[in-house]
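Quick heads-up: it's one chain on its own, the form predicted alone, in structure tokens.
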Amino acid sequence: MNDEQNVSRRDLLRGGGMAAALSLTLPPSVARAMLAAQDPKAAAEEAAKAARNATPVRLAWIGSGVQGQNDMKQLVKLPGVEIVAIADIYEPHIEAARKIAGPNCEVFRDYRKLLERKDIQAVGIATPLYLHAPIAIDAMNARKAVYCEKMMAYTVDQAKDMVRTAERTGALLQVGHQRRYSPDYHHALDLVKKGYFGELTHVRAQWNRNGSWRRAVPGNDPKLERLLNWRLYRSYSRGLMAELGSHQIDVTNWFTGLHPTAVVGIGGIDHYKDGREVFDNVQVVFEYPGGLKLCYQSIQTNAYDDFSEQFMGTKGTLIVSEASGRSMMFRESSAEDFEFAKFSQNKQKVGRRTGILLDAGATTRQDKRERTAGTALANSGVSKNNWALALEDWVDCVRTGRKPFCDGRIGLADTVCVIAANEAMERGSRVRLTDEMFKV
């Protein structure tokens, strides 16, 4: 019997097998969520016990716009968590954040004053991108744990400075790539590692939308334009590749265990002639060692195909998506049947092909390789979203001192890739990525 089979669901829920869960590369919040989907009664009992015994954690949040408010809404649901301070400069955002955090939350217009509070253990950052690094570095120097939204920094040098600061001070640094905390993605990666898809040769990923990305400015006040629409301007933003593409580049790096060696691409401001300075469509191709290619697209004029990552191997294709009901696997006609396909109750016709819906929360079964494998990702039964699981794990890291699963070095690699892709599109040339770029 292998290590996977030795770890019982009940032991993991009770925490006795948590070390084993970590050895399987699962963040504890993800392990709990996956096992809760299989044994909800036991999970409810253990969750109630954990809530009673939760060590209080006092947090602050810097940047309380849409993203910051969404993060805060997840955090206040966690036992023992109190958001005691927020920092922002825009009054409507401050008022919305105070309603989430509660009346005892102190408001700062200068985040540096917030960092002077000794009782604050950790700080979340959801400001415009160009402010991520300076705020995160100041927070870590103040010995606060940091959760920094993606992309982690505006430049590669800034990202490296963040990693150095975390390692010098011992402060925890987690980057907001929530797919790293998805039970579905962990389940899919397990299938890749077990060789169901053979040798991966190509990856296709896209995040397609139909919308301008522009936010309404009250009274068309020009003083508020760049504050509210910072994503559209190069001084503050790295555009679609940073805001959307960084997530999916991260998944490719994670699933393959590789970093790209070169990138080419094309982009443009071709539809939204509204004064923006970042591309409204991007298409790039990353080259990886061994000939693997990632073809990536993000457009803002058509939402067809929405968002997903498609891993194409010699034996089959894996489509992974955060969208419910969208994760599937397909067998190549020249390959043997997927060994656990007979267990699946979730087969679905897609055109002329039959796919298997994946389910990370399905009761495990033995496949022919004597390893456990879920039979179906989309209907996992996991009640918490990936966003919530990422923040829950960050709070757990604050409590225990455990290193975050998605740390600064992972965020650095994604930053390197995004900056190189934008450079390739702007220059209209092939940009090489060297090993040195990913080193601190």
Ligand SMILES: NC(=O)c1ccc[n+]([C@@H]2O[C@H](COP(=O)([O-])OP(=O)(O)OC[C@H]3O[C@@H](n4cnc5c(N)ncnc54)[C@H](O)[C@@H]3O)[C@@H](O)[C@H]2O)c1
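The structure displayed is predicted, hence computed values, not measured ones. When you see a residue number, it is the position in the sequence shown, counting from 1.
Another form exists, predicted in complex with the named molecule; not displayed. Remarks below refer to it.
*Asks:* Suppose contact means a heavy atom within 4.5 Å; in the predicted bound form, does that hold for all of Val57, Leu78 and Val146 with the named molecule?
*Replies:* No, none of the three is in contact.
*Asks:* Is there any non-hydrogen atom of Phe405 lying within 4.5 Å of the named molecule in the predicted bound form?
*Replies:* Output for Phe405 is no: heavy atoms all beyond 4.5 Å of the named molecule.
*Asks:* Is there any non-hydrogen atom of Arg215 lying within 4.5 Å of the named molecule in the predicted bound form?
*Replies:* Yes, contact at 4.5 Å.
*Asks:* Decide whether Ala87 counts as a contact residue for the named molecule in the predicted bound form under a heavy atom distance cut-off of 4.5 Å.
*Replies:* Yes, Ala87 is a contact residue.
*Asks:* Consider Trp230 of the chain shown here, and say whether it contacts the named molecule in the predicted bound form, taking contact as heavy atoms within 4.5 Å.
*Replies:* Trp230 belongs to the contact set for the named molecule.
*Asks:* Which one of Glu82, Glu287, Glu243, Asp190 is close to the named molecule in the predicted bound form, taking close to mean a heavy atom within 4.5 Å?
*Replies:* Going through each option in turn, the one that passes is Glu243.
*Asks:* Taking the partner as it appears in the predicted bound form, which of 120-128, 136-144, 260-268, 191-199 has residues with heavy atoms within 4.5 Å of the named molecule?
*Replies:* Comparing against the named molecule in the predicted bound form, the contact stretch is 120-128.
*Asks:* With the named molecule taken in the predicted bound form, which residues across 144-161 come within 4.5 angstroms through any non-hydrogen atom?
*Replies:* Heavy-atom contacts within 4.5 Å come from Glu149, Lys150, Met151.
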